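Single chain ahead, by itself, as structure tokens, in the form predicted on its own.
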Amino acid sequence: MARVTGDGTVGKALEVLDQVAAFGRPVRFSELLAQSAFPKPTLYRFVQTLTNQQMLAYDPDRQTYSPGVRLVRLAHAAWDQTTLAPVARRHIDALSKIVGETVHLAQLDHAQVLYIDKRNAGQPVEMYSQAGKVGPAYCTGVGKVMLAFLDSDAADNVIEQQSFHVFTEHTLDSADALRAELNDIRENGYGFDREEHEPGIICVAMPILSDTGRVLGALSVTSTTSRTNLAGLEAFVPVLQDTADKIKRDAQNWSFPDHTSKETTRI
């Protein structure tokens, strides 16, 4: 059942939008009602208002609701204005050509990793990560390198919210194991995904830090155990560092939203 926030009408409407989006497909009102914390008349009123405002779209033939065109426009504007993707695009392109493997760009979204850009390898490999998807922070290379360079209070807050679900035999399964890994990452300046989220998928990851040490995001070069190993990926550390530095320089005048707190600050 969907939760009800204490943020009044706006918060409740956003809960309905979240619920529709979570289905990942057009959804019938009856399906929404089955999972909603709202009574039927309240949910219907929200759905109708959101549809009238083009935040939801209604298909009368299928009798389904999906995210509307106005919401899509807002999403595109948010993507351009609050993520590193536009700043980093040309540098990600250049990195992809050099390494020939999958390249990811990510930021922290509260306690999760948000993948904001991706370049596929010359021989693409099917994997979970796609631009716009969120993933766990504790068992992904990009997540761990961002966690490692947060200030201690922010890091503690994010670590407390990790599920530590065991995806593979290599997954870090406790806060203590994660903290030990983060210490190693801080010492080395980069980190790895050792098949921790998906079997056969490995990566080397580099944080993108401002001149003051603020975490802006992270980069990774990802491959498979059938193509290479961690030592092979580690050879990309210099070009990863160079790319992170270029993105940082281009982002100097960019207003960066801190998704681990409620503040928005400049880097």
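Please read these numbers as outputs of a predicted model, since none were measured by experiment. Note that the rigid core is defined as the largest set of C-alphas that superpose within 1.5 Å between two forms. All residue numbers are counted from 1 along the displayed sequence.
There is another form of this protein, the form predicted in complex with the DNA, and it is not shown here; the text below is about that form.
Heavy atom within 4.5 Å of the DNA in the predicted complex: which of 42, 51, 225, 35?
Filtering the options by heavy-atom distance leaves 42.
Verify the contact flag for residue 12: yes if a non-hydrogen atom of it lies within 4.5 Å of a non-hydrogen atom of the DNA in the predicted complex, no if not.
Because a heavy atom of residue 12 falls inside 4.5 Å of the DNA in the predicted complex, the answer is yes.
Should residue 46 be classed as touching the DNA in the predicted complex when contacts are defined as heavy atoms within 4.5 Å?
Yes.
Residue 70 versus the DNA, in the predicted complex: is there a non-hydrogen atom within 4.5 Å?
Output for residue 70 is no: heavy atoms all beyond 4.5 Å of the DNA.
Spell out, yes or no, whether the shortest heavy atom distance between residue 229 and the DNA in the predicted complex is within 4.5 Å.
Because no heavy atom of residue 229 falls inside 4.5 Å of the DNA in the predicted complex, the answer is no.
Within 4.5 Å, heavy atoms only, one stretch in 25-33, 213-221, 235-243, 194-202 touches the DNA in the predicted complex. Which?
Within 4.5 Å of the partner lies stretch 25-33.
Superposing on the rigid core, is the CA of residue 31 displaced by 2 Å or more between the shown form and the other one?
After core superposition, the displacement of the residue 31 C-alpha between the shown form and the other one reaches the 2 Å mark, so yes.
C-alpha of residue 16: shift of 2 angstroms or more between the shown form and the other one, rigid core aligned?
True for residue 16: a C-alpha shift of 2 Å or more.
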